[in-house]
Structures are given as structure tokens and as C-alpha cells.
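Next up: a single chain in C-alpha cells, the form predicted alone.
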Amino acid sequence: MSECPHFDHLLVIPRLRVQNANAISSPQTHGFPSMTAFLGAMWALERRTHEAGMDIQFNAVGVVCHAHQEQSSPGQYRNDAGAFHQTRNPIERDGSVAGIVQEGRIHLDLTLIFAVQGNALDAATDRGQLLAKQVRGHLDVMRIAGGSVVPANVSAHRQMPYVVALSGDEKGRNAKFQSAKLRWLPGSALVARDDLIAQRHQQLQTENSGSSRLDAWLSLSRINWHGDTAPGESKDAERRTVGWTHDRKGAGWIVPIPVGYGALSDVLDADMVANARDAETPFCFVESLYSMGEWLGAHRLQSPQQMLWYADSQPENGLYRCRNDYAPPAQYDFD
């Protein structure tokens, strides 16, 4: 089992306004970009900073969402996803409009937290803050999850990037993080809840031994209503009233999410697949991997590892996924 890579500092880019980011995170999910998109942005940012001569190693990324606006119209019924707002751009040579390719867009207000290390970083000096401003400058001209960074509608000092040094003993590191996270409110961070699939799978197997983990994922991805029959007030004993309950009460804000890719083929040489996007990188056919996530208020985080996502590549097993080390607090039954 992999763990979050070591880091000494948090590089915080607060209050980014991202316009028209990709709201379709996988063939099965929408509503927020995939965490793989933010890992890709982190690696692109690392390449840019290295080309600029900055000695910073980016190891993981956390995302705090302050606001979101998916570009879609509500459906007719409750919990209906509705329809995405589409564009028709005249891109054919003869001026005709090309066929619509389904696209989902979303506007986001984000704070990005990068787990970094490097000799150049030191929050106690002006050098660290200067590097943070330079990194923000590179990020402003990049694409983030397919969206563009535009000026945010908040004051300039709230957009100022900064570095949090997590040096010292564990108590000191924890105190600095507890102080830093309050600056990310109001906002929610996405954490992994792989454990929910195992729990739901075990529950379903008590009802049907043939249930699979896919059944558990589908069950968690929807709201399951159950009817409870209770004696009614009617004199007719055969007539009953039914109370309807669902299984989301007290469960938190859980959502289905993609977490990476699984290989469908061997890794092929770079020049073996025609029309590949990158002609210099080995190629592999993949499909999306799914899990469950939960949106938590930033004030509920107890350590930076709980919100950070990092890459876990296992080519020998055909797994290329992102991970998060969040563990839910223990529940005690005192009855």
C-alpha cells in the first residue's frame, strides 16, 4: 500500500477562479473535474517551474472548492441531472457547423494546496514568498482541468499565494496546519472513501451472496428509498400506511468519483499506435477506475495528508491511479 510522499512545505494558491473547466470527469460521472486532472496540472506546473530555474519538487495536491457553477439546466424531476449547455462552433471549412460533441463545463472557485519540498523554499524568508508569487504567475497562464484561470471576484490580499513551512516536531506541524486550514473557509475538500465500498459490499452480501463490488458502488452512487409499513389509523386492519426513508441520512456528502485508469493492453512502444497524442511516450489502452469520495469542510481536516492526492503507478498490475490517505474517525458505541 502506497503512502503520501514526504514534503516539508505547503504551497498555497488561494482563490483561483477557473472558467469552463471540464465537468465530465469520466464516462459515468460529472459535476467536478477528476483528481487526475489536478495531478496533471501539478506535473505541468512542476515542468514549468524547473524550466524557469526554480528548485521545487511537487509531490501531492489538495483541492478546496469554495464555489461551483455547472453549466447545465435542471431536469424536470428531483435529482434529475438535466442537460448540459452546449456550444455550436463553425469549424468546418465550408462554414457549416460540425456535429455536437457532448461537453460539460463548470466554473470553479478553488484553493490549490501543493505538497512541495526544495532547498529554495523557506517561509521564514522573503525568498519563499517570492517563489510562491512566481508559481502563481505560471499557474495563471495554464489550463486547469481544461479551464482557463480568470480574475477572481475577491480582494487582492485573499488571492496572495503563500508558503506554510511544516518543520519541527509533529505537534508544531499540526499547529501550523490547524491555523492554515482556517484560511480556506468556507470551502470543502474532496477525500477518498474506498472503505465505503467494502462496507456496502458486505451489507449487500448478507442480502444476496452474489453481489459484487460494482453493485456496492452503484448502490452508493444513488439514493435508495425504503418503505416501512406501519399500522394505520384506519379501522381496516388490512390498510397500512407506509413511511419512506432513504439511506443517505447522516452519511455525509458522498459522491462517486473516478480515481485513475486500469490497463486494457500491454504498454506499447511510442510509435506503434497511429494518431496518438504524444509520439514520444509509450502507449497503453486504459479504462477508468471508480471509487467513492466525500466532500469535507476544511475545518474537519486533522492533517494535510487527509486532503492530499498523489499518484500510485503499478505498471506490473496495470494500475495507474491517484490515492488519498484519509481515514474516517473511529465510531464508538457506548450502549
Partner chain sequence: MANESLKTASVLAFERKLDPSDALFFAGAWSERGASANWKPIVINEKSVRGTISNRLKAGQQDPAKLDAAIENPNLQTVDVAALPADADTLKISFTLRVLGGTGSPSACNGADYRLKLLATVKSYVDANGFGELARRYARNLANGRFLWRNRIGTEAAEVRIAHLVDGAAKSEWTFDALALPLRGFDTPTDAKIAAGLTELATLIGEGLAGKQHVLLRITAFARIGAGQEVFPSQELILDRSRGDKSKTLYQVNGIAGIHSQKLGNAIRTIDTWYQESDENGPIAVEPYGSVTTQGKAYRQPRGTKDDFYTLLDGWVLKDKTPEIDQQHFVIATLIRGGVFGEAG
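What you are looking at is a predicted structure, and each value in this text was computed from that prediction instead of being measured. Residue numbers count along the first chain shown, from 1.
We do not show the form predicted in complex with the partner chain, though everything after this point is about it.
Asks: Among 196-204, 177-185, 146-154, 243-251, which stretch has residues whose heavy atoms lie within 4.5 Å of the partner chain in the model of the complex?
Replies: Checking each option against the 4.5 Å cut-off leaves 146-154.
Asks: So, a 4.5 angstroms cut-off on heavy atom distances: do all three of Leu45, Glu170 and Asn317 pass it with respect to the partner chain in the model of the complex?
Replies: None of them does, since no heavy atom lies within 4.5 Å of the partner.
Asks: Which residue among His85, Arg158, Arg222, His226 has a heavy atom within 4.5 angstroms of the partner chain in the model of the complex?
Replies: Of the listed residues, the single hit is His85.
Asks: Note which of Asn119, Ser212, Asn208, Gln102 lies within 4.5 Å of the partner chain in the model of the complex, where distance is taken over heavy atoms; exactly one does.
Replies: Exactly one listed residue reaches within 4.5 Å, namely Gln102.
Asks: Just checking whether Gln134 would be counted as a contact of the partner chain in the model of the complex - the rule being heavy atoms within 4.5 angstroms.
Replies: No.
Asks: Under a 4.5 Å heavy atom criterion, is Gln129 part of the interface with the partner chain in the model of the complex?
Replies: Answer no; every heavy atom of Gln129 is more than 4.5 Å from the partner chain in the model of the complex.
Asks: May I ask you to check whether Asn20 falls inside a 4.5 Å heavy atom distance of the partner chain in the model of the complex?
Replies: Yes - in the model of the complex, heavy atoms of Asn20 and the partner chain come within 4.5 Å of each other.
Asks: Val141 near the partner chain in the model of the complex, any heavy atom under 4.5 Å?
Replies: Yes, Val141 is a contact residue.
Asks: For the stretch 59-73, return the residues whose heavy atoms include at least one within 4.5 Å of the partner chain in the model of the complex, in the order they occur.
Replies: Contacts from 59-73: Gln69, Gln71, Ser73.
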